[in-house]
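As a starting point, one isolated chain is supplied in structure tokens, in the form predicted alone.
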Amino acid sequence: MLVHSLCALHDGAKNSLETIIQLIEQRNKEVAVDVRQVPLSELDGWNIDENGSLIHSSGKFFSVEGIEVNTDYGEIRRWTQPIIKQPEIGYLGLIVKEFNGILHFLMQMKIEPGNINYAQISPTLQATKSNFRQMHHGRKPLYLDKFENAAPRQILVDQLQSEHGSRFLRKRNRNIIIMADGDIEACEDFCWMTAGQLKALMRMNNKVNSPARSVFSLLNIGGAMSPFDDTRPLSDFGKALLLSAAANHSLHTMEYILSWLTNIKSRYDLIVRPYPLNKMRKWHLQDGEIVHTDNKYFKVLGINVSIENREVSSWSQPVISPVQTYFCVLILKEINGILHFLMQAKLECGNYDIVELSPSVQCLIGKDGKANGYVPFFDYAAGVKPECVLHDTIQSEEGGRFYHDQNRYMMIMADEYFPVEIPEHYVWMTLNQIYAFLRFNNFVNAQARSLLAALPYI
């Protein structure tokens, strides 16, 4: 079924790609949205405690607090910063169903206050525990019961996966994909889409949100297809991806990669302690926002929100707003006839288990297009020849907590001169090996999952 779903863009699809794009645009025109910035001290329902932390009056949802980080990994060994603390495990859920012999995904055109274009394609269910327990006194999210009551035979994927480790403190969501049991109606703002359509939308800027990219990445489409089947409309690169997804031959064994990653986790320390937000080094309150003295990284600001089609139509909240953008790049290279991906073990202060597998390059860049300090392979990726670029888009991050946060995501094919020998914190992996790690929790970070979701087979 995944094979047919992958290839379907129009023929046999319940809705055309053009219709889906029109529905997104229609949502943006028809739904009244009003997002206004306000000083943090004026947020309704939020309190600032003696440490300067922003805490909801219910004690639920999330808070913005200060931390101090100490590590022996990387160039910067100690710092303080604000971070979002949200210990709840939320739902990111997809419902799938076969129509006309083709697997379809029930997607929502969800409006988030932080989205730069408001409506984006999101999972069937995207909800925090506070939301689905109705702490906001609003309606329950649609289709929640389908996931809560799903039988084991319906579940295709069910894992805990991390959020962005530089801005969330050990935050994880339940990424779950279930097969529909019986008829399921697409409610208003929902639409059935094929995998091929979702991948086409991921080749466009800011169409598919990061929660949808996260959960979709866990479905090993390549593992369900044969690289030697000439009946499918695959590109040469798509066939190389399938070969990598099925490969038993690789530069390194799984045992080697597990030992490599375990060694890094064992060798380095990551100590994160609470630290008063109002006593931080290089962070201060200015004009109702929390900003960095050097105008770097991000800032924390307040917004008042009104969206007419949400479970709750109006509320106030703090958000993270970027000052610098991320540059996230996957470098691919054919090694011994098999496509390999250059992954790095990256430490971020909010990681659940010290390091996670991240893209080859994942770094903040300034307005001058340069990285903060030395970043391996950055110059190569930034100066790559256009003919080596496989994927290059601007994608939004989670619009419920981040405000107008959009970053550049790239995939590039390395030339013959790119080295196979790489620094110790990097490793070459086949797609088969990456998906083996994706079967488990907290191994592959959110940025890498966004890129894997967009892998173009056709």
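Values in this document were obtained by computation on a predicted structure and should not be read as measured data. All residue numbers refer to positions in the sequence shown, first residue = 1.
In what follows, reference is made to the form predicted together with a further copy of the same chain, a form of this protein that is not presented.
Participant: Wondering, does residue 372 line up within 4.5 Å of a further copy of the same chain in the model of the complex on heavy atoms?
Facilitator: Residue 372: no, not in contact with a further copy of the same chain in the model of the complex.
Participant: Considering only heavy atoms, tell me if residue 267 and a further copy of the same chain come within 4.5 Å of each other in the model of the complex.
Facilitator: Result yes; residue 267 sits at the interface with a further copy of the same chain in the model of the complex.
Participant: So in the model of the complex, is a further copy of the same chain close enough to residue 386 to count as touching (4.5 Å, heavy atoms)?
Facilitator: No, residue 386 is distant from the partner.
Participant: Although the partner isn't part of this model, could you tell me whether residue 352 comes within 4.5 Å of a further copy of the same chain in the model of the complex, counting any heavy atom of the residue?
Facilitator: Yes, contact at 4.5 Å.
Participant: Where does a further copy of the same chain sit in the model of the complex: which of 153 to 161, 197 to 205, 99 to 107, 74 to 82, heavy atoms within 4.5 Å?
Facilitator: Of the options, only 153 to 161 has residues within 4.5 Å of the partner.
Participant: Looking at 325, 263, 117, 314, which is the one with a non-hydrogen atom within 4.5 Å of a further copy of the same chain in the model of the complex?
Facilitator: Contact with a further copy of the same chain in the model of the complex is made by 263 alone.
Participant: Going by heavy atom distances of 4.5 angstroms or less, which of 382, 89, 335, 180 would be at the interface with a further copy of the same chain in the model of the complex?
Facilitator: Result of the distance check: 89.
Participant: In the model of the complex, which residues of 423 to 445 put a heavy atom within 4.5 Å of a further copy of the same chain?
Facilitator: Counting only heavy atoms within 4.5 Å of a further copy of the same chain in the model of the complex, the contacting residues of 423 to 445 are 436, 437, 439, 440, 441, 443.
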